[in-house]
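Quick setup: one chain, the form predicted alone, written in structure tokens, and binding and motion questions come after.
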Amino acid sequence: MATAGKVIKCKAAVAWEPNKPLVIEEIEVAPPEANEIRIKVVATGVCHTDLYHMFEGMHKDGFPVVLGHEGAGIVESTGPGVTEFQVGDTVIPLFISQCRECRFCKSPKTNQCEKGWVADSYDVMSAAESRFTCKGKKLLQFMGTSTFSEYTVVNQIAVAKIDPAAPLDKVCLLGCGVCTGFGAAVNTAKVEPGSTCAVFGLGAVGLAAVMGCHNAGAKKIIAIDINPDKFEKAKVFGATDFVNPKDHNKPISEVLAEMTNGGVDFSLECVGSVAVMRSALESCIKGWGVSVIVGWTDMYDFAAKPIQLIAGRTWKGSVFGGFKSKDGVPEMVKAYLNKKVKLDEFVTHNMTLAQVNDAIELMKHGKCIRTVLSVSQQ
């Protein structure tokens, strides 16, 4: 492309400081360096983790930053040493890398990777280096991706090449939310056919967890949320029962125990609340119940009584649904194209990058499942 090797000036949504609206700015995106790829971002979802960084985590060293980590686009140019990708490839940038060389990547037991932004800047959710500048200032790259920009530069270990037939305004959701929830059920919990499941929280991640439980053959899937408007949507993904904790004057774990003869086989916490994490654990049946923490937070400690685990329950955590990213995302794209998993049904709003603050307000007030932003023309 004519832009290869040159600095690109483009539009991006910049978070200059926490707890303030994003500002659409013209930024400069430097060419990719060794082992890097510059991607033209076509579409991106708005995820709660973006909001967490802005309004909850608010780490003082995490700004200014270009947010967004659920995107899809086209390779514009490649840096030295890149052999896996070509200009024009259709790709999804990944917030969790897969170098294929570290001890974690070589282990089938985990999808963690020692390289990428997580290695040294976990608390600020960005690597120290980025290819972004604006008004003479360096901008951080959120979770190694920063998809709220028309162009972004990503290390090749954090990019998945996907089927070019895939609609980018749908498969972008596989960059975070849908893989996170679906995989938590299928890969981490390992939901079994005929089992009973409970999913706490019916945002995009929770609904994807419902879909994972359904695909795994669970016979009873209890969807739990304090917003009853979400129950009809949960039914689309396979939920069989619905509980609003506000309708009961007893702990939700007791309600579920009565519904399931002692507790569910599998529970998935998709809220990011330590109180809900405990409720999800206590909702599992003793002896073999498995509870998976999926919701993202790093602000509070959680607690439980030791007897809950001594009695035979298992408490697990899941990041990105346990998918090894470069391997798993293309497979999920295939599954979508083969109608094995749903994506279209998650999208409740379509907007442009310029409307990003409106999209954030919708999510803050629980008025959307996923808003997809059109970032640039394919």
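Residue numbers here begin at 1 and follow the sequence given. Predicted model only: the values in this text are computed from it and were never measured.
This next part talks about the form predicted in complex with a small molecule, which is not shown.
A residue is said to contact a partner when one of its heavy atoms sits within 4.5 Å of a partner heavy atom; residue 363 meets this definition for the small molecule in the model of the complex.
Although the partner is absent from this view, residue 67 stays clear of the small molecule in the model of the complex, with no non-hydrogen atom inside 4.5 angstroms. The small molecule in the model of the complex comes within 4.5 Å of no heavy atom belonging to residue 30. In the model of the complex, the small molecule sits within 4.5 Å of a heavy atom of residue 47. Annotated contact segment (heavy atom within 4.5 Å of the small molecule in the model of the complex): 219-227, selected among 85-93, 219-227, 164-172, 233-241.
Screening 257, 276, 102, 74 for any heavy atom within 4.5 Å of the small molecule in the model of the complex leaves a single hit, 276. This chain is drawn without the small molecule; in the model of the complex, the residue among 272, 263, 183, 144 with a heavy atom within 4.5 Å of it is 272.
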